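Just the one chain here, laid out as C-alpha cells, in the form predicted alone.
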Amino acid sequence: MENNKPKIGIFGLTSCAGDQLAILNCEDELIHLANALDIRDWEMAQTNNDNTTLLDIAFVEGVVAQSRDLEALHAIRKRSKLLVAIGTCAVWGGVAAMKNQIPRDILKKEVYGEEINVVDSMPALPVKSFVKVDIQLPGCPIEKDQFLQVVTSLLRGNLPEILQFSVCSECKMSENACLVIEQGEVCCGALTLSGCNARCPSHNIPCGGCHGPIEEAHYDANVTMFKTHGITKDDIEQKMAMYAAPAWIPDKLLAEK
C-alpha cells in the first residue's frame, strides 16, 4: 500500500544537538509525530537511515563551520522540497559564530595549540548563507510547542507563520518588572524574537538574545531607551552578538578572514 506520509529527514551540522534533543523530548507527541511522518533519515534517533530518498521536508540544526558541513548541507538541500532551519545556530550562527572576526589560524592555536593543524575550520555561518531556507525556527534550543505548530502547519499543507514580536512584549504580558528600567540591566528583550514566554526575565535574568533579532526592532528608539538607562549601543550589540553575530558584525569583517 502506498505511503502518503510526508518523507522527512532531521539533520545536524556543527552543533550541540540540542534542537534534535528538544524534538525527542516531545514525549507524548512523539508517537503522533512518528505516525504522521515518514522519518527516513535521522541519525540521532534511528539506525538504517535512507540517505538518498527525496524528502518532502528536511529539518537542519547547527552551523556551517567545516567543509563537511557545507557538503552535507548542499546534499540535503538538493534532495529536499522544503528546508527548515531549526535552532539559533542554523538561523543566525549561534554561539559558534561569536568570534568570526578573529582569523581562524589564531583561534585554532588558542584552542588546540601550536602543534595541531588537522582541524578543518571555517568562519561559522548560518544555513541561509549557503542555501535557500524555506522556514526559520530559532531558539537555543527550539521551543517544543513552536516545533509542533510548524509540523502541524506543514501537515496541513500550509507554511507556518513565525510571529514577529519581541520578548519584551511577552514580558509585559507576564506583568514582569522591566529589568532595563528598574535595574539598569543589559536586557535584550526589546530586540529579540519572542517564543520563549520571556522565560529568563520571568526569573529576574536579563534576556540574552538567544532567539536572535526580530525583523523590525525599532533599533534607533531602543538605542535611545537604553542610553537613558546608562546602557550603550556597544553594550547591547555585544550581548546580541553572543547568539547572532553575523547579524551584528559587519560583513566586511567576515570577508577579510
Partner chain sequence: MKILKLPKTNFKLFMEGLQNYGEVHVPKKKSSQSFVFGPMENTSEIAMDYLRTINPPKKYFFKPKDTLFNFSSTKGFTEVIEDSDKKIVLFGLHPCDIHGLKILDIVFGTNYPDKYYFARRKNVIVIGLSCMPDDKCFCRSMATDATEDGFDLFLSELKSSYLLTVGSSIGDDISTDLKHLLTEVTKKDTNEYLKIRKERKNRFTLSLDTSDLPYILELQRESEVWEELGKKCLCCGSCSMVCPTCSCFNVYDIKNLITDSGQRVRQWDSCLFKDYAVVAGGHNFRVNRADRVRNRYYDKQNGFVSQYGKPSCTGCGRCIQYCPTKIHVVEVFNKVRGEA
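On a predicted model such as this, the values are computed, not experimentally measured, just so you know. Numbering follows the first chain given and starts at 1.
As for the form predicted in complex with the partner chain, it is not shown, yet the points below apply to it.
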Which of 134-142, 180-188, 78-86, 102-110 lines the interface with the partner chain in the predicted complex (heavy atom within 4.5 Å): 180-188
Please state whether every one of the three residues Asp234, Met242 and Ala244 places a non-hydrogen atom within 4.5 angstroms of the partner chain in the predicted complex. no
Within a 4.5 Å heavy atom cut-off, is Glu27 in contact with the partner chain in the predicted complex? no
Exercise: Val119 in contact with the partner chain in the predicted complex, heavy atom 4.5 Å: no
Any chance Asn197 has a heavy atom within 4.5 Å of the partner chain in the predicted complex? yes
Heavy atoms within 4.5 Å of the partner chain in the predicted complex: does His229 have any? yes
Going by the partner chain in the predicted complex, which residues of 142-163 come within 4.5 Å of it through any heavy atom? Leu148, Gln149, Val151, Thr152, Ser153, Leu155, Arg156, Glu161, Leu163
